[in-house]
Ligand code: ADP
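First, one chain by itself: the form predicted alone, in structure tokens.
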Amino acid sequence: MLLVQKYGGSSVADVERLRKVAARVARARAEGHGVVVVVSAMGNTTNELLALARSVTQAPGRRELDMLISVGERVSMALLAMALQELGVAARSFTGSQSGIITDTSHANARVVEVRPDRVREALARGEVAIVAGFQGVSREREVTTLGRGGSDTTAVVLAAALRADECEICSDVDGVYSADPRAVPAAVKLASMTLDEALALAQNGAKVLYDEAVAWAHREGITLRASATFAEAPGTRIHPGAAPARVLAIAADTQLAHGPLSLLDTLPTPCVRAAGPDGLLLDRRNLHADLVGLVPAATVAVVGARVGADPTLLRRVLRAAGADATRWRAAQDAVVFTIDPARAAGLERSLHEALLETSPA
């Protein structure tokens, strides 16, 4: 069985945690699995490198920023390889370019266009654990690039697809995907499983455990994912290809959005635009790399589940639950999305969860 495991920055935040990750990987290898590990930078390393750049210049070029911040993941990969070797496990580290992660030329927000993991395959054939620096690749012009928000997750998924891995496990400090954000909805419960369709709808509407670019790739390639806690024995949430019965699965809220004029449509990169309509654009502020004048803060609250936006009975139930807040909404196959003032988003998230997931249907 071939596993791809991704460990986020909090999982390798210091040497003690990194050694625990090494022990976890060693256990998987001892069970007979081939293992590819993708790592993020340790703790706040990326932010520290960005601050260092801005101590030199307030307007660092994106090319040089990519060269600088790609260092963080390289530190993690080398140290984890050393920690595994100390445990007697053969391991070899690879940068994004050495792993064959080929991207377009968009510095700071590159998209993967091809994966050629020849050296990773060779390491696996030798019985080694292959450790890959996440969040980075190389363009066809041989420039170092970084993949933007959630880039290490994307690295793990594209490698899992190219290697035809049996499972891609996303390990973090969260033990799975919940029916809502537990910080906003105390009654939220961990989900044992969901389909890739549902996971993609959650990721596209603000679920914080999943990044939409990574889930979209897994969805396209049919890759089974698992969202797990690094330092817990619980099995996490399995995310798999296939269909589910029509249902309400979870509620997702996103308060990092803004309304903007349609005139911006041709000037912004695609990841910035969440939705477009006659009344303007709904923009993702996390992907904006410049301050734009005239934006109005906005939020969405989405009800997600198989066919929730296509099944008339489910759709009516969702709209009844939203009540007075159902004035501005759109329905897709697996989501019904309400656009709302950010100050009211948490209240709507709680009320929808209570009505749809804590109460039996009337």
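In this text, all values refer to a predicted model and were calculated from it rather than measured experimentally. Start at 1 and count along the sequence shown; that's the residue number.
Beyond the structure shown, there is the form predicted in complex with this ligand, which is absent from this document and is the topic of what follows.
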The listed residue (D166, D181, E143, E221) that reaches within 4.5 Å of this ligand in the predicted bound form by any heavy atom is D181
In this chain shown alone, the residue from H240, H259, R121, K208 with a heavy atom within 4.5 Å of this ligand in the predicted bound form is K208
TL;DR on 240-248, 212-220, 168-176, 94-102: the one with heavy atoms within 4.5 Å of this ligand in the predicted bound form is 168-176
Does this ligand come within 4.5 Å of any heavy atom of S10 in the predicted bound form?
yes
